[in-house]
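Just the one chain here, the form predicted alone, laid out as structure tokens.
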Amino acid sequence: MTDKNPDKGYVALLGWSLNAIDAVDRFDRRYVVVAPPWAEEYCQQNDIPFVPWDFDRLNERSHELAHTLEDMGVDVAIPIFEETVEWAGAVNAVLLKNPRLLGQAMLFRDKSLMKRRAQLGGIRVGVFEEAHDRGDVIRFLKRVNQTLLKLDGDPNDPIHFKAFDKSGTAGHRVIRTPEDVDNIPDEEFPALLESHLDGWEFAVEAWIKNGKIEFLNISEYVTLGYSVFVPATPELEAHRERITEEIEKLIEVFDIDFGFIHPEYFLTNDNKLYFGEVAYRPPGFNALELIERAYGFNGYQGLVLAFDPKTTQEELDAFFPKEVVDAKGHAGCFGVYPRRRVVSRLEIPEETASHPFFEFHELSDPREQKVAKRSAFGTHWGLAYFFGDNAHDLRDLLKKQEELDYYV
């Protein structure tokens, strides 16, 4: 274990992530992992500081976690997953003596409140509305297409149905017809409805300290829910100055003083930037791991620096490289989902395995032969990782993976 500096902050990781734990264990700060009770045995066996907590239960004991950590001397809590963002806000409101942090966290958890806050702050967003039942969805679909002057018989412009408080593509459906609406389960209401934006969709990862961006990465989506790579192509990076201005606007509107944000944007065909949503936690698709492969710094350790109130500017300057120019190459990953309804084994496509950009995968043989029909975007079965020196070649390679069978 790395020697821990008692003069630096003592941090709590909220949520279970072996990659995050390994990174922080190798860093110079004291830490404790706050995770469900099932992780306790593993932590004892591996000498990991641990506090058990059930994040699914919101009750009158919720304040107890903050005071438990406060009594231990913890300085700040870091959310690792979407489901722990509100908890981190509640805990940090106590630890940092700043009650507004809970309200801020609730904004980050509710996509509808988040959109309204952005809109009130003058940030450009698409048309959106809350849906409480299927009738609301059908009315929104009709109104959007009437506004677009669609005639009877014209195919509908799609709308998007998103869970208020889930991460990424979880609970995200594309709705084109009333029949699509019939397939939405009752338990997915209430939800957010959005108009469709055509354009270039991308994400940003920004480490923030004292209201200032310390490092800003642009992650380019090849296909949402399937593939992403960093740094982005030169064509998207050409918009970095504008994108940075939008992130600075976001920091001001959401009153963000420290931490890490993961917003998503659309660059439309008329060259306008639209805000999609923002998360206050590490992104999915192992984006921090991709950033480490490209730049060499560990994003989880960067989270600790961004959250720790005792971090100095000298530490930040020494830790973060310079965007784009310091990247050793482009790192990307592809989320594999079986293309066949019945599969028997994992078989990496020969053209993928032999490609010089292919590095490794985290896939395993199927446990069941019949592949469940995808609900909404579905969940990938694992990731395949790539690294190369040319952004366009990597983008095309990731797109090509959608046509290949990993499971046969």
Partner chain sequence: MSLKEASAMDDEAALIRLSGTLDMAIERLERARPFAKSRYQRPVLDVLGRIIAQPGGLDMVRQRAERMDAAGLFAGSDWDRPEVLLPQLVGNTLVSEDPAFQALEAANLARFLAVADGEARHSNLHQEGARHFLTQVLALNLKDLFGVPDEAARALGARQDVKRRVVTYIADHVGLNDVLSVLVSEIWRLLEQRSIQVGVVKDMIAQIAVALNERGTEPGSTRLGAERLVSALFGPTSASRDDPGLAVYIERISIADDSGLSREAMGFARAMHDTGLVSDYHAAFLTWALDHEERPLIPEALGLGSTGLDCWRHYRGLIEKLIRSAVSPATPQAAYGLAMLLDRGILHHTPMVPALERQLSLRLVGAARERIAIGFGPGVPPETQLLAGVLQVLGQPLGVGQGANPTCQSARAIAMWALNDPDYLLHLVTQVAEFDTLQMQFEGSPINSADLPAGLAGAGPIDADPVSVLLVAHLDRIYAEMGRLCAGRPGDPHTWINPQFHGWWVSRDCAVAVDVATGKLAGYEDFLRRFFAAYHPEHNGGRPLGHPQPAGIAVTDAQQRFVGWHAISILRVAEDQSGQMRVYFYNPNNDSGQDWGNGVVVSTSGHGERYGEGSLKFEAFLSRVYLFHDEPLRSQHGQDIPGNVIGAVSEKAIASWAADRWPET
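Numbering follows the first chain given and starts at 1. As the structure is a computational prediction, the values presented were derived from the model and not from experiment.
Keep in mind that the form predicted together with the partner chain is missing from the display, and what follows is about it.
Not displayed here, the partner chain is approached by Pro356 to within 4.5 Å at the level of heavy atoms in the predicted complex. Although the partner is absent here, Tyr385 sits close enough that one of its heavy atoms falls within 4.5 Å of the partner chain in the predicted complex. For Asn46, a non-hydrogen atom is located within 4.5 Å of the partner chain in the predicted complex, even though that partner is not displayed. Within 4.5 Å of some heavy atom of the partner chain in the predicted complex lies at least one heavy atom of His361. Here the marked residues Asn19, Glu289 and Arg293 all reach the partner chain in the predicted complex, each with a heavy atom within 4.5 angstroms.
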